[in-house]
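Shown below, as structure tokens, is a lone chain in the form predicted alone; questions about how it binds or moves come after it.
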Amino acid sequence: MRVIAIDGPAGSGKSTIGRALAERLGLTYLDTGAMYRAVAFVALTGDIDVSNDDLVGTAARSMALSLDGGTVTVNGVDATQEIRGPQVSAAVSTVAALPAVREEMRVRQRSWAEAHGGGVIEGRDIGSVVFPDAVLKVYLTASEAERAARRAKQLGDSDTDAVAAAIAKRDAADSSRRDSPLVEPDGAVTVDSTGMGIDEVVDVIVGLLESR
């Protein structure tokens, strides 16, 4: 499989760069963050305690999920907008830290890659845990101020201080979780996208891939 793994903290541009890179290379793209958001959506709509590993893990294993064409369908419902809403955003870091959920998502991510022959896959443990033998591992980051500004623009929120605080909280949760915490994967190349445009970042990653 030809897997290009992109890891990084919240607001670093993983989804935007992942999609653009996949398009440039003619590969399929997988947004693993949407997968964890889908689990949080299922737990919330099912009135399940999002901190209960057993119950949320069971929901994750039984969840029917499709990410085709940018549309996120969960148990037959188009949840593309809902998984980006404030309730899911507030719950997803808790859900993503649950060992049973992470185990199930790893299985699904590896199955997806096998079915597609690889692809551009981004998340927070892709190069470190899910695909440690990826052909290229990139750790994408940016300054805290830039990450907050990007996320605020994405959310349409003018309170960048509040957004920055939320990002810092998510970073702390991702880096300290017991199962597959956010780290810079062994063998990864760090790409600091501060002040760079999308095409510039993609050019850098394509150059890294070509050098391999």
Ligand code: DC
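If you're wondering where the values come from, they're calculated on a predicted model, not measured in any experiment. The first residue of the sequence shown is number 1, and the count goes up from there.
FYI, the form predicted in complex with the ligand isn't displayed, but the following is about it.
Undergrad: Heavy atoms, 4.5 Å, the ligand in the model of the complex: which of 73 to 81, 136 to 144, 96 to 104, 110 to 118 makes the cut? Say which one.
TA: Only one stretch qualifies here: 96 to 104.
Undergrad: Does Gly33 reach the ligand in the model of the complex if we count a contact as any heavy atom within 4.5 Å?
TA: Looking in the model of the complex, residue contacts with the ligand include Gly33, since a heavy atom lies within 4.5 Å.
Undergrad: Using heavy atoms and a 4.5 Å limit, would one call Arg150 a contact residue for the ligand in the model of the complex?
TA: No, no contact at 4.5 Å.
Undergrad: Only counting heavy atoms and a 4.5 Å limit, does any residue of 125 to 145 reach the ligand in the model of the complex, and if so which ones?
TA: Contacting residues: Asp125, Ile126.
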